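The chain below stands alone and is given as structure tokens, in the form predicted alone.
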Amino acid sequence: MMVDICYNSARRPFGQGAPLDALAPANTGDVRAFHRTFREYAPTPLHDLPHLAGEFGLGRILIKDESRRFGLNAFKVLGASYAIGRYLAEKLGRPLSSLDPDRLRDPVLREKLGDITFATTTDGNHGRGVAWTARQMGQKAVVYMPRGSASSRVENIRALGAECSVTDLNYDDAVRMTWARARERGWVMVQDTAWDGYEDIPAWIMQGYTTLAAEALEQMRTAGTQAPTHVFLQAGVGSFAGAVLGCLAAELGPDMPVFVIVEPHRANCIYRSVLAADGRPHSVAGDLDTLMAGLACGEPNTISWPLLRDYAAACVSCPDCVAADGMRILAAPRGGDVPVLSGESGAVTTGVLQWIMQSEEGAEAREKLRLNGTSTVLLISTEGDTSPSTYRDVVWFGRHSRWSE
């Protein structure tokens, strides 16, 4: 099994890299306040896994369980809901703090807003969040998915009243197609990646993700747990990783954790960008075929890239079996640890941590990243079993065994 690690020689000390202001508490305090206006809001659990930490030789492992988020089985709705809320508030010329889902459905405000169609490309979870939010606000959603998308994810989106179809394109090409249609038809694009001329909504999406980071820090402080020394973050386009990294770095300052970014081999655009060491984002072409559907993205988000470039300690590129190992480890804990229902994109960081801490090949990473018995590691299980058949095949029937890859 080949796992590749790139150590970031360009990493900068706190305060000397990309600005963190947009993700600092002073600018994200209203994000969580807005999320609290939804009846479905509740902080997701932060599980302590002491037995697993002991097996791995670590001081503590904490995992944030986003399968409980708004009843949608994934964290993505945090970004979609906040971005759509900000868009509607600006269209109305009102502060977001004066609005909530009930007010936005009020006939008077609905008449002022008119009929809006929100459009997006998704591997599943983001599109479900857009569709759910559009319905909450009394608006429409159109969702396009890349080829090979799981039928269960399509049906979950359609069940929320959105139009949803699977294209014959990879993720990045589907994003371009959606953007072209949105401009032709007057739709509002809600995409968690940015490019020149399209930056406000992706920035709002990233701010939306900070709610989970703020919750995690609050939960750790309430429990009397020290702040994390290490944080492992999944990357597709890098929006989630950049948002959580930026939020935690802004909050913890010079004591910010060691950040490790994790991607699949076939969609490792952040890994390749850091490896290139020229400061520029680099794309990955091809079909991007990976078990980790939520991470099958080949082009870095231009907003989040500077944060990852300047503050990530290392990037890991791994085969699908690492994610599968993580799913099985979390599903079947020992020693009284809480089981965590984690999908393929959610569990990959657990699989990488296991490889680093328990394999002979991971010894160098253990030393360079200073992962040891004094470390507190924060993981985020970004999704539950969003594709139940895939989850069953991996956890029950051993699909994607490390011996077969």
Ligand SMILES: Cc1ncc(COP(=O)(O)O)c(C=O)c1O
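Bear in mind that the values here come from a model prediction, so they are computed numbers and not experimental data. Residue indices: 1-based, along the sequence shown.
Another form exists, predicted together with the ligand; not displayed. Remarks below refer to it.
A.B. asks: Though the ligand is not shown, can you say which of Ala323, Leu78, Ala267, Ala235 has a heavy atom within 4.5 Å of it in the predicted complex?
C.D. replies: Selected option: Ala235.
A.B. asks: Against the ligand in the predicted complex, would Thr349 count as a contact residue? Criterion: heavy atoms within 4.5 Å.
C.D. replies: Answer no; every heavy atom of Thr349 is more than 4.5 Å from the ligand in the predicted complex.
A.B. asks: According to a 4.5 angstroms non-hydrogen atom cut-off, is Ser239 in contact with the ligand in the predicted complex?
C.D. replies: Ser239: yes, in contact with the ligand in the predicted complex.
A.B. asks: Would you classify Asp172 as touching the ligand in the predicted complex, given a 4.5 Å non-hydrogen atom cut-off?
C.D. replies: Asp172: no, not in contact with the ligand in the predicted complex.
A.B. asks: Mark Thr210 yes when one of its heavy atoms lies within 4.5 Å of a heavy atom of the ligand in the predicted complex, and no otherwise.
C.D. replies: Output for Thr210 is no: heavy atoms all beyond 4.5 Å of the ligand.
A.B. asks: Using a 4.5 Å heavy atom cut-off, which stretch among 27 to 35, 376 to 384, 49 to 57, 350 to 358 contacts the ligand in the predicted complex?
C.D. replies: Comparing against the ligand in the predicted complex, the contact stretch is 376 to 384.
A.B. asks: Judged by heavy atom distances of 4.5 Å or less, which residues of 101 to 129 approach the ligand in the predicted complex?
C.D. replies: Result: Asp123, Asn125.
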